[in-house]
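Shown below, as structure tokens, is a lone chain in the form predicted on its own; questions about how it binds or moves come after it.
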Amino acid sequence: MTAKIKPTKGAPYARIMGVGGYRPTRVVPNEEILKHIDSSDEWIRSRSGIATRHWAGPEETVAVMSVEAAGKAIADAGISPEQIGAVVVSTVSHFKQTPAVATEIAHRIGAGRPAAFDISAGCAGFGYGLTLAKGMVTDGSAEYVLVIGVERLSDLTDLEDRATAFLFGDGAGAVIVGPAKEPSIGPTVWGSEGDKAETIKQTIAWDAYRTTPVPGGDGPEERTAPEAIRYPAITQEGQAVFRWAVFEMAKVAQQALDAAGVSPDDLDVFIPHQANMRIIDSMVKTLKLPENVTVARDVETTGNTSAASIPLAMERLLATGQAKSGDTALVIGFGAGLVYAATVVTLP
């Protein structure tokens, strides 16, 4: 007789219960960027909407920033670290291939022995992590899940690249996802377009720096990295990314609204990935959002923090009173891959 697997006993629905953020102490104005590129404050603001960004100091590591943001999210959710059953961290700037930084974070916050792993989904990483967390809560794998988006993109910024030197910032944003009695995280519309992978990428692969013998080689000779090789940085084809984000991602955002059964008139808040103010404004126009919808524009003072941008923007809107608990928000992340993820959530 074939054994039958018992049905899961998770929560009927999941919700975001708490949010927290961490921005590094150092604030970097455009004037500091202009020491390295031939440009102007006016040009940077007109092209990106960015006036300042935060850059992490030596002690503000990916793990340290994550722990700070996680602590605030845990307190906001009103749970204890021991109740967390899983930790999901989205980042592209944790430079150790293994172990995952999620395990270090879980230990530092006193979470006991939760499942812990990292994901790499660029600027869509928070949406990917949120979707995984929702699944864990509803299938019973974990009652509470900590989702973190964290980046030290200053480590991957080429200060001499006029197209990107001013874009990136550092920081961490975190949420707690837990059980709900009614739908509070809608279906996720997500996907990838790998044919556009070259539009946002790391300039140099890490193995270009290898100076040790290569396994499987014919002899003991060492592989030596070029002496003048530049440190890897994130580069992008600005116009191609802009067109894709404005036109294609507006369609994805609309699909997420449709999947949730929500119209633009039902929205209270729009929290897009904080990539560029022009992209944000263009998406608002394309989606025909009503004027009463609060739009996150955290990019002006935080820069593009990739996976951290949505939770950081969410935390700031709630902290400043621009949004309130129970509001209905459309969130969408998009970036390197190219990848994207959009959903509708109830704010904690």
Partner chain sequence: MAATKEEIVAGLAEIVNEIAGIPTEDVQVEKSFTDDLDVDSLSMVEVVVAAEERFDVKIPDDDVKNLKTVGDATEYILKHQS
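Positions refer to the first chain, counted from 1. Everything numeric here is computed off the predicted structure, so don't read it as measured data.
Keep in mind that the form predicted together with the partner chain is missing from the display, and what follows is about it.
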* Asked: Heavy atom within 4.5 Å of the partner chain in the model of the complex: which of R278, K201, K72, R162?
  -> R278
* Asked: Though the partner chain is not shown, can you say which of R210, R243, K96, R113 has a heavy atom within 4.5 Å of it in the model of the complex?
  -> R243
* Asked: Does the partner chain get within 4.5 angstroms of any non-hydrogen atom of W206 in the model of the complex?
  -> no
* Residue contact check: Y231 to the partner chain in the model of the complex, 4.5 Å heavy atom -> no
* 4.5 angstroms heavy atom contact with the partner chain in the model of the complex for Q239 -> yes
* To do: State yes or no: in the model of the complex, is some non-hydrogen atom of T61 no more than 4.5 angstroms from a non-hydrogen atom of the partner chain?
  => no
* What stretch, of 25-33, 279-287, 318-326, 305-313, brings heavy atoms to within 4.5 Å of the partner chain in the model of the complex? -> 279-287
